[in-house]
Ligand code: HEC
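Just one chain follows, in the form predicted alone, and it is written as structure tokens.
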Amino acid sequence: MTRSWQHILLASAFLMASPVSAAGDPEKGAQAYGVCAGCHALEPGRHLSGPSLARIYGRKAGTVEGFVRYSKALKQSKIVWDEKTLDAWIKKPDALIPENLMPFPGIPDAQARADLVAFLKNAGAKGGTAGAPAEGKRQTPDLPHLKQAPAENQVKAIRYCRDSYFVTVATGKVLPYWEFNLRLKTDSSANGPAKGKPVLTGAGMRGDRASIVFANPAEISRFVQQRCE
């Protein structure tokens, strides 16, 4: 037998004995899920910036009930989430579905992706991976319960003058904000403010000093009074 054939046989034996990639570890995947948790919850029906990932495996892309912010590209992709498509999506979303709206650069490490896919395969499903839903809930950020806001955060009036907002809270204190530093938001979830009772919260983005959260958009125009004293 020639040396070249010996090399070929040895290489073939090595490939047969060694898997191309190790199977995913759902326990490690629960830790890797931390990169997803800021935008995706695992509880069914709980949507954040992105849709809930509960029971994602085997589901057609862009079809989670109650989530309405999918890109047209994702909804028209006809992709079904399985090990292959999830791996490709997590590796580089734009490569799998161009012009999607997910601002995520991807995970280049193949083993980390395999672990995350193994975790997501049963996450949120009945009888799923032991410990996975609890781990996901621990990592998913909890939004504040705005109905329980203290008096110093309960907004009673908002006055707008020139380039400034003057926010009166329940303690009687008036807080001035440059208009570009104050964000007006809405939260219609169970944790959101009661109707007609907006809440002043901390800044959510760089450059902001504070946010005022309303129960629905109609309240914003009713609350903000444009006048100078």
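Since the structure is predicted, the reported quantities are computational estimates derived from the model, not experimental observations. All residue numbers are counted from 1 along the displayed sequence.
This protein has a second form, the form predicted together with the named molecule, left out of what is shown; the following refers to that one.
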Next on the checklist: Taking the named molecule as it sits in the predicted complex, is Ile90 in contact with it (heavy atom to heavy atom, 4.5 Å or less)?
Outcome noted: yes
Next on the checklist: Residue-level contact is defined here as any heavy atom of the residue lying within 4.5 Å of the named molecule in the predicted complex; does Leu74 satisfy this criterion?
Outcome noted: yes
Next on the checklist: Can you tell me if Ile107 lies within 4.5 angstroms of the named molecule in the predicted complex, counting non-hydrogen atoms only?
Outcome noted: yes
Next on the checklist: Please determine whether Leu175 contacts the named molecule in the predicted complex, using a 4.5 Å cut-off between heavy atoms.
Outcome noted: no
Item to check | Heavy atom within 4.5 Å of the named molecule in the predicted complex - the one residue of Cys161, Ala170, Leu184, Val35 that qualifies | outcome: Val35
Checklist entry - Going by heavy atoms within 4.5 Å, which of 161 to 169, 192 to 200, 65 to 73, 176 to 184 lines up against the named molecule in the predicted complex? => result 65 to 73
Checklist entry - Going through 23 to 51 from first to last, which residues have a non-hydrogen atom within 4.5 Å of the named molecule in the predicted complex? => result Val35, Cys36, Cys39, His40, Ser49, Gly50, Pro51
